[in-house]
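Here are two versions of the same chain, shown separately as structure tokens and labelled structure 1 and structure 2.
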Structure 1
Amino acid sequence: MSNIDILTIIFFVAIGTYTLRVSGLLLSNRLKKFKNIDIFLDSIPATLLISLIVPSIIKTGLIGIIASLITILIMYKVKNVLLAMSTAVFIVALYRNGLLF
């Protein structure tokens, strides 16, 4: 592969990336004209976070469910994200190293 080919690929990938970013901004400006679209747009980060977390919890199995429940309980009681997430990671690490159950 020559340098011209590599530069061509980089150029088209840059155009594609720029187009995706600009199209998102343009689309979001048009979507604000619709009623209740703000509620939908406000809920997207939470749904994206859930869609990223839930598959890994299910993949981990029962210990993932237990760790996530403990995380929710700690967040509800203490309201400390770092402590809650560290506890969940610690529980899963103990399980994976055979020190739990």
Structure 2
Amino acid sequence: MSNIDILTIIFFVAIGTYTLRVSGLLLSNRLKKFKNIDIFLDSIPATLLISLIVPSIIKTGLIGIIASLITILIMYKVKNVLLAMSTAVFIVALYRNGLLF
């Protein structure tokens, strides 16, 4: 693996990623002709984030699932992102240090 190889990869991924970022925005007006596209795009944030994280949470094991459920509960009751996030991290840390069960 040479430096040229790495730089080639960086170059193409950079160009491709930028193209994806910009084209989504620039083509969105043309997407409008599709029926219900607004409902579709409205739901994208949630479905995309769920697809991104749920498999990883499951892979973390039972403690990951428990910590996520507690995160949801705190967010639902208190609506504080920082509190919800740090509680989850704290629980996972306790567990991994053998302090939980």
Partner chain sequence: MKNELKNGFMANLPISISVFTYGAVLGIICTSKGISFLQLALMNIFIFAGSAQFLIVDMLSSPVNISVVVWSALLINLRYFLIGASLNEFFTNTSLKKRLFIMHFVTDESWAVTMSKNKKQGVSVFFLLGGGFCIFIVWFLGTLSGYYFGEFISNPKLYGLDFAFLALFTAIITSMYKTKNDLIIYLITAIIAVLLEKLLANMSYIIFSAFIGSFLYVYLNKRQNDE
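We call the rigid core the largest set of C-alpha positions that still match within 1.5 Å between the two forms. The first residue in the sequence of structure 1 is number 1, and each one after it adds one. Keep in mind the model is a prediction, meaning the values are calculated, not measured.
Remark: the form predicted alone is the source of structure 1; structure 2 originates elsewhere. Two rigid parts rotate against each other between structure 1 and structure 2, and the hinge linking them lies at S28 among P45, S28, G64, P55. The chain behaves as two rigid parts between structure 1 and structure 2; the smaller one is rotated by 23° relative to the larger (C-alpha superposition). Core superposition gives T8 a CA displacement of 8.3 Å between structure 1 and structure 2.
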